[in-house]
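Next up: a single chain in structure tokens, the form predicted alone.
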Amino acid sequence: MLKKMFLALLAVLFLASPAPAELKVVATLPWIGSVARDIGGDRVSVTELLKPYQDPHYIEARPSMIAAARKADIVMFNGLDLEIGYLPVIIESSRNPGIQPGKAGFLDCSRFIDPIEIHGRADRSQGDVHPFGNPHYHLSVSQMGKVARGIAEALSALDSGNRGLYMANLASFEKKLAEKRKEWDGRLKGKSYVAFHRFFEYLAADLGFRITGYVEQRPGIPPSSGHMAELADSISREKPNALITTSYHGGKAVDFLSKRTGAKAIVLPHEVGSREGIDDWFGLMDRVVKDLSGT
């Protein structure tokens, strides 16, 4: 009888005990939050610092961002200096020891990738150049699998008891990525585009299209009238499949060139949530590939 009462008491205590707390993830960008949710599942609670319509080059730290970082178990960010204007202030001001550089809660997603366009030393005369490499790797099929694995390992390091869950979710992500790669491969091969900003280079390398020119003479610096005239002549001669940009990159300049040359202009979605129906990273890539395939 006593044994039965003891077992019943243990069952009650077990049922009454609170569930393990979710890991609090702070992601600087929506695409990072999307991948963190895919890998973390119901074990993570994700806060994204930026909205899909915000240009990460021009963000300032806000009190709400610092408050989120103060409570975070891990901060995940793009890296390659994309967040250099605001993230260091947030990390330092949070006074959260677990998310400081070198700690398990400080996750630079770019350390898992192979960056392109590494410039080394750079100065402002070169424009908005990222010396450690092009930071827009989130449209890369080949790089995203590496980032997903890095996120899975980081979550496992903080929550080792649920490593099996994170690795199972990673396997599902990798399987879907392989299937999508087969679907996307070949659809853009041989096409050429003129881009406003150096935003699509990883995607071009993965899917086999060419970027033959840029509206910006130097990154982040508006083009001169002379450059626009030369570029219009080049577009008229070479006839690229389209002019491509994003919602926060030089729409007026691209529209001008389109009207002057007759080349099609496409504003591509740049981020998870930037268009209706783009709810995760796979949805973003589907839409980008679909829009480019129509050229």
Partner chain sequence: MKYLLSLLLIAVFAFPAHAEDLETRVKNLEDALKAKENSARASSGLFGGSALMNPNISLVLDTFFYGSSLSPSEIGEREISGYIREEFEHKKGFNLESAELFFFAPVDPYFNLYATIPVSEEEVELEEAFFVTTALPAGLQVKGGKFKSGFGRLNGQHRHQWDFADSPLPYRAFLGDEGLIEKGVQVTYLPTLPFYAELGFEALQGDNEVLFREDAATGPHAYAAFARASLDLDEKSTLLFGPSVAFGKTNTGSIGENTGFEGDSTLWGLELTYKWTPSDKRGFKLQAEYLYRDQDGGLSEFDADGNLLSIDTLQREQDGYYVQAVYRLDRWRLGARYDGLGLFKDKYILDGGSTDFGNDPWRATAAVEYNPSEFTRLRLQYNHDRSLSGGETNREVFLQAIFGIGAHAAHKF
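On a predicted model such as this, the values are computed, not experimentally measured, just so you know. Positions refer to the first chain, counted from 1.
Note that the form predicted in complex with its partner chain isn't included here; everything after this is about it.
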| query | finding |
| --- | --- |
| Partner-facing stretch of 237-245, 260-268, 36-44, 54-62, counted where any non-hydrogen atom is within 4.5 angstroms of its partner chain in the predicted complex | 54-62 |
| Joint contact, Arg70, Val89 and Ile113 to its partner chain in the predicted complex, by non-hydrogen atom at 4.5 Å | yes |
| Contact assignment for its partner chain in the predicted complex, among Ser142, Ser192, Gln217, Ser93, heavy atom within 4.5 Å | Ser93 |
| Residue (of Gln100, Ser224, Ser172, Thr212) lying close to its partner chain in the predicted complex, criterion heavy atoms within 4.5 Å | Gln100 |
| Close approach of Ile84 to its partner chain in the predicted complex, 4.5 Å, heavy atom | yes |
| Interface membership of Asp108, its partner chain in the predicted complex, 4.5 Å heavy atom rule | yes |
| Contact of Phe132 with its partner chain in the predicted complex (heavy atom, 4.5 Å) | yes |
| In the predicted complex, Ala104 touching its partner chain (heavy atom, 4.5 Å) | no |
| Its partner chain in the predicted complex - contacting residues of 190-215, heavy atom within 4.5 Å | none |
